[in-house]
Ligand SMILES: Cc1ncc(COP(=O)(O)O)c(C=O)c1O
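So this first bit is one chain, no partners, the form predicted alone, shown in structure tokens.
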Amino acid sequence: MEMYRRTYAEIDLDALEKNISALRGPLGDKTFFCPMVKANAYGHGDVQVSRALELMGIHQVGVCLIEEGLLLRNFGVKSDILVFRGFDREGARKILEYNMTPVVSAWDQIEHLEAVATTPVQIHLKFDTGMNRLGFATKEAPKLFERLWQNPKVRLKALVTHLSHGEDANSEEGRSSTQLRALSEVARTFKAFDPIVHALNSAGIIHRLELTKKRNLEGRILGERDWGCRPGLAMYGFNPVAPGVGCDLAPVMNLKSQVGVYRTLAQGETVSYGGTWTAQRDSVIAVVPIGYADGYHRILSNRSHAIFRDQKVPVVGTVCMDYLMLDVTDAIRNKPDLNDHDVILFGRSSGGMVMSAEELARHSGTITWEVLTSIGERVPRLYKGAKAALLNEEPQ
């Protein structure tokens, strides 16, 4: 890959594989396990991550948009692709043409599939158990059973819901347990179909792993059935519950750049648009070629840090579209030559210093999911790890 600007996201496929193993291993091979690769695999590269998952023996992935599924198919991904967003008749036609699996959440979607299907279509049926966003009302289950039983065009494979508060899944009185009990009741209505039932997001999976580790699943809704899992954030190395709970995870992405130029400021001088930062002493400023057009948000101006020479140094001045500035005065004090250029915006340095995407999210007043998915298309993804070379081979 040609790079004329040394700004890139380093994606560690070994870390991804370790995370997948940590999340999936205790569940067993029979548990429904569908890694989510929507939103460009949370910024990590959907085609490459999906192909890496295939090399790990996982042949099912989830996307939101039909367009995301088409992209994967066009780049040779052969896994079963679950499409979670709704669709019209043309969308139904495209889903079937490209051999994807629809998640159905409205009556008209059943009608669209019946209208365009020439052979029986397997579907996942989504129920709204408290998220109040997408899905059938649970009271519609009997009517849906009648519609689908012996339907020549549409066949039920799985039941689905979406947890709104996955972080409380370890509490029997929490919202997640209420949702799981509601879906379990729906599953009884569809017992004759023997459907897969999946509901656990990253937080739900983490809580189930923790309760399993403590042998505390008995009598809990999380232990009532083999709940299917749809890992998202956790597979990319971030624990939505708390570090170390459930299993150990390693961040997959390091966002890196290099200093483009150094500037020496006299005390009292300012830097960047609007002069929002004033040097309180003679200072050395490193100009780094990454900005808000790359997904490093402008709100981080004067409030975040990056890693330079294995030290956290402050972001100073207004983050620009293409650049940000670091005050490296203290970092160069004992080593005044300016031959070092590497900068880590988030991730781990070779010396073990960490600037996490979670910390960046706190400085931004947002969540880790947004930090990861904000990294834009003009930031190249460079893949490392045992399977990285295989991604460059043409899919068979």
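The numbering used is simple: start at 1 and walk along the sequence shown. Note that this is a predicted model, so its numbers are computed, not measured.
Not pictured, yet referred to below: the form predicted in complex with the ligand.
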*Can any non-hydrogen atom of Trp369 be found within 4.5 angstroms of the ligand in the predicted complex?*
yes
*Contact label in the predicted complex: Pro231 to the ligand, heavy atom within 4.5 Å*: yes
_Contact with the ligand in the predicted complex for Leu53, defined as at least one heavy atom pair within 4.5 Å: yes or no?_
no
*Taking heavy atoms and a 4.5 Å cut-off, does Tyr42 contact the ligand in the predicted complex?*
yes
_in the predicted complex, the one of His305, His297, Lys126, Lys256 near the ligand [non-hydrogen atom within 4.5 angstroms]_ = Lys126
_Quick check on this chain: which one of Arg263, Arg215, Arg133, Arg281 has a heavy atom within 4.5 Å of the ligand in the predicted complex?_
Arg133
*Can you pick the stretch from 66 to 74, 350 to 358, 333 to 341, 34 to 42 whose heavy atoms fall within 4.5 Å of the ligand in the predicted complex?*
34 to 42
*Output the sequence-ordered list of residues from 193 to 211 with at least one heavy atom within 4.5 Å of the ligand in the predicted complex.*
Asn201, Ser202
